[in-house]
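Take a look at this single chain, the form predicted alone, given in structure tokens.
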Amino acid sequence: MNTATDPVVRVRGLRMRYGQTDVVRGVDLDVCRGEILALLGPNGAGKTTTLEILQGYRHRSGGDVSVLGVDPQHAPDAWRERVGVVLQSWRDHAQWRVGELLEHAALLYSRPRDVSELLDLVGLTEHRRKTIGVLSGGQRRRLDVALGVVGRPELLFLDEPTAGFDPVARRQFHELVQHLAAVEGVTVLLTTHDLAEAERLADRIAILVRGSLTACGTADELAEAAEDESEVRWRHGRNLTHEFTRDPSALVYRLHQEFEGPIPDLVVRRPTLEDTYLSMVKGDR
């Protein structure tokens, strides 16, 4: 992850109100260049609204927002070339051929990627002449990403990028996103309900609950903030026993001294992102 001094996305006091309902309530958030940040939260937490404001598609009720140094609410066309968006689903014509659609999209940008190189990047070279309607779900999503990055964006928004993927397609998609961030320096902001995906992909994770940013950090930092405990299991004689603790290393050291050597059937289960997430959104389901 490349953490430049000036954040690509800078949000302070972001608010959004529909009638008498506050959907986003004073959110502060920074996203660094080359970072992959996952935005998590229950349905209705304000994730989509926040992304639409950052993309310039929705006017906010209050707060300050800077995306690539520009207020997206008043962004010029040149700014939009620097931003790529991959929606949860597209409704284009199934009869378009893959290569033709990318060639057409490339005409909209001043310095587009070479279509052949782009097809190779997303693993669709052999499908160039196929119509979109015959692509698998994973191939279709790769095409979505290709459309999102054809203009060489500095910032890429991904909305539920792997919904419905099988494990192989999901892993391949993750490798593509990681390449874009690590090799090309693209900043990625994604939403997902797949907590394992967020833990695998994201440098940091932000959690929205009822329109407020509850926490933001690495998975380990979130677990510490949530005061989640690890579970240590071991065998004592014929009995299996366990203990919950916030300092599993200290407990294991003590057990090692008590057993004067290896601890029988030792298992240490640290809190997962799912454990942390569920504890943070408790009461919002």
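The shown structure was predicted, so the numbers you read here are calculated from the model rather than taken from an experiment. Residues carry their position along the shown sequence, with the first being 1.
Here the subject shifts to the form predicted together with a small molecule, a form of this protein not shown in this document.
A.B. asks: Just one of 244-252, 224-232, 59-67, 37-45 has heavy atoms within 4.5 Å of the small molecule in the model of the complex; which?
C.D. replies: Looking at the other structure, the answer is 37-45.
A.B. asks: Tell me, yes or no, whether Glu160 is in contact with the small molecule in the model of the complex, where a contact means a heavy atom of each within 4.5 Å.
C.D. replies: Residue-level check for Glu160: yes, a contact with the small molecule.
A.B. asks: Quick one: is His193 in contact with the small molecule in the model of the complex, heavy atoms, 4.5 Å cut-off?
C.D. replies: Because a heavy atom of His193 falls inside 4.5 Å of the small molecule in the model of the complex, the answer is yes.
A.B. asks: Would you check, heavy atoms only and a 4.5 Å threshold, whether Gln55 touches the small molecule in the model of the complex?
C.D. replies: Judged by the heavy-atom cut-off of 4.5 Å, Gln55 is well away from the small molecule in the model of the complex.
A.B. asks: Using the partner position in the model of the complex, report whether Ile263 sits within 4.5 Å of the small molecule, counting heavy atoms only.
C.D. replies: No - in the model of the complex, heavy atoms of Ile263 and the small molecule never come within 4.5 Å of each other.
A.B. asks: Would all three of Trp96, Leu101 and Thr131 be in contact with the small molecule in the model of the complex, where contact means some heavy atom lies within 4.5 Å?
C.D. replies: Spot residues vs the small molecule: no contact at all.
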